[in-house]
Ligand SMILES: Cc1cc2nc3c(=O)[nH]c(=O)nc-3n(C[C@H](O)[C@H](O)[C@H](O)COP(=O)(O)OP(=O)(O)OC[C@H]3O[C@@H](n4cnc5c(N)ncnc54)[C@H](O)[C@@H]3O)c2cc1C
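The chain below stands alone, shown as structure tokens; this is the form predicted on its own.
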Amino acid sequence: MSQSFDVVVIGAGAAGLAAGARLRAAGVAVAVVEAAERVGGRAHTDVAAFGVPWDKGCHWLHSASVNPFRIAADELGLGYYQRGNRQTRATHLGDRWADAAERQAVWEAIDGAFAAVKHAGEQGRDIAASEVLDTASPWLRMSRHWLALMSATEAERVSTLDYVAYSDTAENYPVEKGYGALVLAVAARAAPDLEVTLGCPVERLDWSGPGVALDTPKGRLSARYAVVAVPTTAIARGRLRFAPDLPPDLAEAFEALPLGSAEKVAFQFDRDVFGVPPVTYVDTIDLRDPSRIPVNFTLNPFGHAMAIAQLGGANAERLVGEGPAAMVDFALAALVDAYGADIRARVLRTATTGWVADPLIGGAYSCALPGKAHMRARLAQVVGDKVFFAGEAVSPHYYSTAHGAHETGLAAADAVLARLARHAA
């Protein structure tokens, strides 16, 4: 496979596909290489498990009114479910459903927790989110659960200053046929002839010469420029090595922006066991047992007889480590509390995720550690005027999202194109 290109893009997730498609559409000689045996990265819609699409990774069009993927979905005729800001939702308390006053109290506690974290960040305080939570709140477990879902990690590892940098319009729309499918469709529309070499991890990127050289199991590639669009873990853990080493401040930044854990457990039933409208959201918290971690569900997604549980933070990482059966048992116990033991017999199939255990990815999405929010900006630097970085972690205001990754991929491609144009002039 030893070949020479203008640009090599490493990684075929949302960022790598965006960069590769932009470069290919511009007529540049570009190679896109992907370590996995599929494209999409953390944007992955699975159809095989249930015969209907469900997103193992990103699912919601966050900040939908300004999200380029929402515009693309409209143009491509791909539907999504529109809903407004989070409202008080049905909440099961372990042995009964919460009444209206309790639902309101839960919502206010969650909203108050997010507001406290945001306020600390707005004051310029780069501290752990746990330092500003109301520890006396009877709903503290629920607030911590939601913060773990949003940040993919525990409050002790969430930087308040990084948190406030995220730009959110509170419009989060799930994609009917899958966000992963939408990401692939957008790339295919931009460059129908874009080719991706799968099963081709880059082991070493040498940027010591006039261009770059990449060592892969399929041979050595050379190029004038490289766009590196891999998770922060791939670099922090040394899976992708650089020669010479990355500048110390940049290497430090990859360490400071680890991927947390956000996982899912999906159930398919033989019939509708919930009797609720399509795309119904339910929270659960067992007030009888303070040791149980809350879990929330999407019920009957787009009319399918399914339930999808969202797990976050340390609880998600622990359950992945214990295996799929433990994940299923954990989520099903909450459903049984709320809807009765009879639903056990109605389960047809189950599926689980394991992003945190995937050696090629290693987690969900990035969150700066306390005291290190300023390091996210370092990922935008260009190494040797030839190595560019892209991905959700690189986005200053839309990190942790597919559209943030997409936009950084486009920005990296445009920066390369500008340099190629200067050299051609």
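These figures come from a predicted structure and were not determined experimentally. Residue numbers run from 1 along the displayed sequence.
From this point on, the text means the form predicted in complex with the named molecule, which you will not see here.
Of the stretches 23 to 31, 45 to 53, 379 to 387, 355 to 363, only 355 to 363 has residues with a heavy atom within 4.5 Å of the named molecule in the predicted complex. Proximity to the named molecule in the predicted complex, defined as a heavy atom within 4.5 Å, singles out one entry of V320, V158, V295, C200, which is C200. For the candidate set A253, V117, A229, A307, a heavy atom within 4.5 Å of the named molecule in the predicted complex is found for exactly one residue, namely A229. Contact annotation: P370 falls outside 4.5 Å of the named molecule in the predicted complex, judged by heavy atom distances.
By the criterion of a heavy atom within 4.5 Å, A15 is counted among the residues contacting the named molecule in the predicted complex. By the criterion of a heavy atom within 4.5 Å, I10 is counted among the residues contacting the named molecule in the predicted complex. Among heavy atoms of A234, some come within 4.5 Å of the named molecule in the predicted complex. Residues from 27 to 62 that approach the named molecule in the predicted complex with a non-hydrogen atom closer than or equal to 4.5 Å are V33, E34, A35, A36, G40, G41, R42, A43, K56, G57, C58, H59, W60, H62, in the order they occur in the chain.
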